[in-house]
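Shown here is one chain on its own, the form predicted on its own, set out as structure tokens.
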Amino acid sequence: MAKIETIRHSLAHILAYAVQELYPGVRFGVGPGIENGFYYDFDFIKIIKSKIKNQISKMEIKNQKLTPDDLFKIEKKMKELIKQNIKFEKKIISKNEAKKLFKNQPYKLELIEELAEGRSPTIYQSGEFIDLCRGPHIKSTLQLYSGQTKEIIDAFKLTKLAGAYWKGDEKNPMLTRIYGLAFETKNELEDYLKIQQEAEKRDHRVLGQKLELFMFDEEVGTGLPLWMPKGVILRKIIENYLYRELTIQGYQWLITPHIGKLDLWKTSGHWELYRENMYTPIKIEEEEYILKPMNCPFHVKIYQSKIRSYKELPLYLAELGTVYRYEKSGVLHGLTRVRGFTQDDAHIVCMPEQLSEELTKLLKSGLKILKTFGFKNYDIYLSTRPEKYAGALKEWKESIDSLKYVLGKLKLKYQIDSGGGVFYGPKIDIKIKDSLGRDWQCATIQVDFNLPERFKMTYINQKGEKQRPLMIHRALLGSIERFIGVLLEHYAGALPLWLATEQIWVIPVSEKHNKYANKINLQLTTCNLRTKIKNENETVSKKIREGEIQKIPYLLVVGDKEIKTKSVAVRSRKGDEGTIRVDKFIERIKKEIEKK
């Protein structure tokens, strides 16, 4: 059998062939194989006849819109084509030949024009479909079709439609992208679909609305979440945890502005090497300011507010700082990809000889914090020098060697992400795995020798001489917004007790039990538990059902029996747990919260 990557690419061509058969006149974009499948971009047009005043017909072009129902029709046609043993024939032709061949395909003509001087176009012909493509491809659709098991035919599926700008540029026309999945076996496809169905149930955007945590509003702007009261409580729980943990570790807390003078970002190198991620400057009294994409230059300025001695180093500066980065609307996704977000950001200024020790402590601390939130599985990546970078190659090598040394010392397995570093230095990224086995980028630890040099940072060493320090950038959760999105999907909204915005509901059976319910509620709130009395004029079963939908960890029902025995009837996420004395219940809850 051909490699699955080749099969996926070839299925993209079969998809385009099927669309050509069903929608004459369609214009083709590109169709690569991708992780888990393939896609193809189309410009759907329809040529129709219309009449003008003198009754002479003319041709007009109208845009066609596909619906999800059309995917079934296209997939059926693909399977019909596969059974015909269509060959994939490769040819190298001249540019002039290619232009004639694709004279009615404007997107292909654009690609032909962009070919490097002296390079001839490569085409693949499959039956009546011809595409501009370098390949590779399967020899024929016979490789996709088994007359006995039909396994490969059943191992792909068209899944969705999406809008996609030509070449990813929002100034270009919007095309229709058709996505498909493809695996080597039907079982692999079915397993993947099950995971996707479970992922849809866990979609943090849906959970955020259902649990009343956050919302988005087009009038406010895309990629800008609005945090609702319960969402603010969740943020504060996470932020307070970080504040306590990091304060114990010796971090000092800062608050810096949301904007800064453009000159600051020119000095740091961001304006030169990171400009595509920054917003347009705004003019204030003839000076240019910009929304900050990073907190680091402000932290540097605070470091430079006085002369620093080697005795002060390492210096730990932390901030829950909100930053703003330009993201195209097509890549925005709930909380996991936004335009404004808050980082659990910190910078460690240290002497060069302290670097390895500080990196070791950071990695240990980062993994401990992630474990506290329930993430025990992860992959570690060492990201090296990108194409656009600052600093000398010697400094890059020394920094990479330091990161490798620490990873080896802690016996942590890692992969190399070649060219994945930031412009000012290499980094270690920790990608956590959620309950569905999906990877999420969260923690990052970055070595920076660039900013200390650019800002002329110094400290007075043991000899009384000025010396250049190193700086470590680190975010252990990453973006608070993104982390909450990942957290919600990991737990399917049923957050652990210590993170739940409402930990307990007290449900009186009837109005006459309200007094006892209020007494229980007071006991619980006195113990710093987040509780709510559900005394609406509704049935107990309806309140319990609502509590389950809202993912409340504990529902306490109180009636005559509970009043008499000074107890509560406990219903947890596991089910009914019977009647428990109030003091025993509180003791148990405290232990559960303490263990996290």
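In this text, all values refer to a predicted model and were calculated from it rather than measured experimentally. Sequential numbering from 1, following the sequence displayed.
The protein also exists as the form predicted in complex with a further copy of the same chain; that form is not presented, and the subsequent description refers to it.
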Q) Any of the heavy atoms of E114 lying within 4.5 Å of a further copy of the same chain in the model of the complex? A) no
Practice task
Examine E387 and determine whether its closest non-hydrogen atom to a further copy of the same chain in the model of the complex is within 4.5 angstroms.
Solution key: no
_Considering non-hydrogen atoms and a 4.5 Å limit, does a further copy of the same chain approach Y326 in the model of the complex?_
yes
Would W253 sit within 4.5 Å of a further copy of the same chain in the model of the complex, counting heavy atoms only?
yes
Within 4.5 Å of a further copy of the same chain in the model of the complex, heavy atom basis, the matching stretch of 515 to 523, 229 to 237, 435 to 443, 159 to 167 is 229 to 237
None of F423, Y381, Y279, Y192 but one has a heavy atom within 4.5 Å of a further copy of the same chain in the model of the complex; the exception is Y279
Partner-free chain; cross-checking a further copy of the same chain in the model of the complex, the single residue of D401, E212, E89, E128 with a heavy atom within 4.5 Å is E212
Applying a 4.5 angstroms cut-off on non-hydrogen atoms, the residues of 243 to 262 near a further copy of the same chain in the model of the complex are Y243, Q252, W253, L254, I255, T256, P257, H258, I259, G260, K261
